[in-house]
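Next up: a single chain in structure tokens, the form predicted on its own.
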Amino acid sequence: MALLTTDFILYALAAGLALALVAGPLGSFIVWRRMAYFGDTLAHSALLGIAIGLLTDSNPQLSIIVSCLLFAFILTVLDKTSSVSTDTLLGILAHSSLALGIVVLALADSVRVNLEAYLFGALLTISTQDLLWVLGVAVLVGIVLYRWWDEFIAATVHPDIAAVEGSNVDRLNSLLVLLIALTIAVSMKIVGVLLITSLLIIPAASARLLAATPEQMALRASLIGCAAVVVGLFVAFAIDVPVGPSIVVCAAALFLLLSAFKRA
């Protein structure tokens, strides 16, 4: 029994830290590009993937990834072609996809699912398969960010100059969106649909208070995210509260502390 307890704690810690490490640089790009609502829309669309996966009796994690990637593609295309403003488009897709996912689950009487676990996370129930998905995606995202870091920075700071220098800015933007979608897709069990964007944004916003360069901000965002995961897990065990919200609250507390330190 003690061994089993140790296993699920280690699984939770490993998954949380792996997510925090890649969420730092990705969250930095979200903050720099002001894409917070974009990430929120992708997170809401994941619930529809959950519903489809459960109804078709397919791998839920795979269906979530497919759903997030599909919506990321749709958002990218509509953002370029639609006459509707970006924030309006995101608002429509975010709430309609979340509502549609809940309706589909409600109509499926034969399917029983703990909806709260997907909305707010269930890190302590993470399985070996879930952990492998998180680690695999974290490694993939980390490799891509490392390989094209300078190009992503150039396309973010000076897209016109990057295009003149030969970078395919549209392709880089699409690749970054896909990385965000993949990260959100494997994060459902950790902090849930409604909170994943917070774990991407809050550590990056905190790191921005202390960083002088993009690399410093990305690294410190990862460290702050890891600290929030460790402290959040400890607090959740200590006072018996849900782990996902506890992690986000700890991240927010770190942001407030760093903001006060910056003012002082």
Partner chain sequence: MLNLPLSKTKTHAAVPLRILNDAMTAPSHPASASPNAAPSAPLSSDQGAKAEASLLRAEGISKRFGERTVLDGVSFAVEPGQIVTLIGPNGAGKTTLVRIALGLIDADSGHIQRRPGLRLGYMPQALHIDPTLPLTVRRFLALAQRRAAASSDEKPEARETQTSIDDTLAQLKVSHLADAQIGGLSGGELQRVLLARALLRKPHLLVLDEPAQGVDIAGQAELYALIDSIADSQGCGVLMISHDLHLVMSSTDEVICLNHHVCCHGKPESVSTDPAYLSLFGAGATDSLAVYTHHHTHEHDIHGNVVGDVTAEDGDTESHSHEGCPH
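Just so you know, these numbers come straight off a predicted model, no measurement behind them. Residue numbers count along the first chain shown, from 1.
Omitted here: the form predicted together with its partner chain. The next part is about that form.
Practice prompt. Tell me the stretch among 64-72, 203-211, 223-231, 39-47 that has any heavy atom within 4.5 angstroms of its partner chain in the predicted complex.
Written response: The contacting stretch here is 203-211.
Worksheet item: Would residue 164 count as touching its partner chain in the predicted complex under a 4.5 Å heavy atom rule?
Response: Flag for residue 164 set to yes.
Fill in: Residue contact check: residue 150 to its partner chain in the predicted complex, 4.5 Å heavy atom
Heavy-atom contact with its partner chain at 4.5 Å: present for residue 150.
Discussion item. I'd like to check something about residue 158: if you look in the predicted complex, is any of its heavy atoms closer than or equal to 4.5 Å to a heavy atom of its partner chain?
Written reply: Yes.
Practice prompt. Although its partner chain is absent from this view, report whether residue 31 comes within 4.5 Å of it in the predicted complex, heavy atoms only.
Written response: The answer is yes: residue 31 has a heavy atom within 4.5 Å of its partner chain.
Item to complete: May I ask you to choose, among 154, 94, 126, 178, the residue with a heavy atom within 4.5 Å of its partner chain in the predicted complex?
Response: Among 154, 94, 126, 178, a heavy atom within 4.5 Å of its partner chain in the predicted complex occurs only for 154.
Worksheet item: Pick from 217, 26, 196, 51: which residue has any heavy atom within 4.5 angstroms of its partner chain in the predicted complex?
Response: It is 217.
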